[in-house]
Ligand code: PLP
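Just one chain is shown here, as structure tokens, and it is the form predicted alone.
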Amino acid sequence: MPLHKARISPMDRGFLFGDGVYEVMAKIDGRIRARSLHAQRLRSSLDSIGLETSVEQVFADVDRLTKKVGFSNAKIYIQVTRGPADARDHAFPSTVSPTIFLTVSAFEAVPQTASQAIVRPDIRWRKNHIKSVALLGNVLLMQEARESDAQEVILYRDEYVTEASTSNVFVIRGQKVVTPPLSDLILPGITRHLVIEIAQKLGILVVEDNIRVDSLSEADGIFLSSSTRGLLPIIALNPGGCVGNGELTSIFSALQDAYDERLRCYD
């Protein structure tokens, strides 16, 4: 249906509590990129919040919707909440009827230009491995970035980098790439997964290790990864100043080229 005709109950727990999860996927040249990885992550998020629904049916609905819309290149949004309840109560309702919301919009995958990021404490909750719709912390941080003329926020907790407000973080040191190890503080990004695969095929050493926030300014390069932005190079930090010599490194350029090629051949 047209977006303006879509309706949910005001008692929907996604609206009242942020009680739900989501996925964002890119369709490139008629194919959903990394479809199976997105399905696995949606299943993991649903399991983590104890919400039963058929991921297979959700993706069947995705196929039906994308076919109807007809875009060859599209951004696909999936949201599943615990649905409406008779009364506003923090505890799960005895009867659950999930609300499944899907949208498809036009999208073009384009290489990202060199950008800057602010560096701030991670104010979000501790279960960031769940792709939760409760994103107020991310929203406030991204707004601060925009007001600072930056494109992203690199976050840290207890002096160590976690991720960015909408993406995973990679640091280039010499001939190796370092990214924080997965934990309950970090979303297992689909593009993060692909970058690690691509780097290994190119013979680039990737190390999953903790990154001290005070070491960011000493990096040769920094880039962020997400499904819709792809690889976003960061050449300046606030605070922190210029990253490396303020230019893209040869390692980033190699990863960017390989990633662009991989976009159109990964299921």
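What you are looking at is a predicted structure, and each value in this text was computed from that prediction instead of being measured. Residue numbers here begin at 1 and follow the sequence given.
The same protein also exists as the form predicted in complex with the named molecule; that form is not shown, yet it is the one meant from here on.
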statement: Of 172-180, 111-119, 94-102, 124-132, the segment with heavy atoms within 4.5 Å of the named molecule in the predicted bound form is residues 124-132
message: Please tell me which of Val161, Val153, Ile190, Val80 lies within 4.5 Å of the named molecule in the predicted bound form, judged by heavy atoms.
response: Ile190
message: I'd like to know if Arg35 sits close to the named molecule in the predicted bound form, meaning any non-hydrogen atom pair within 4.5 angstroms.
response: no
message: Whether Ser226 contacts the named molecule in the predicted bound form should be assessed with a 4.5 Å heavy atom distance threshold; does it?
response: yes
- request: Flag Lys27 as yes or no: does it have a non-hydrogen atom within 4.5 angstroms of any non-hydrogen atom of the named molecule in the predicted bound form?
  value: no
query: Going by a heavy atom distance of 4.5 Å, is Tyr22 a contact of the named molecule in the predicted bound form?
result: yes
query: Relative to the named molecule in the predicted bound form, which residues of 146-168 have a heavy atom no more than 4.5 Å away?
result: Glu163, Ala164, Ser165, Thr166, Ser167, Asn168
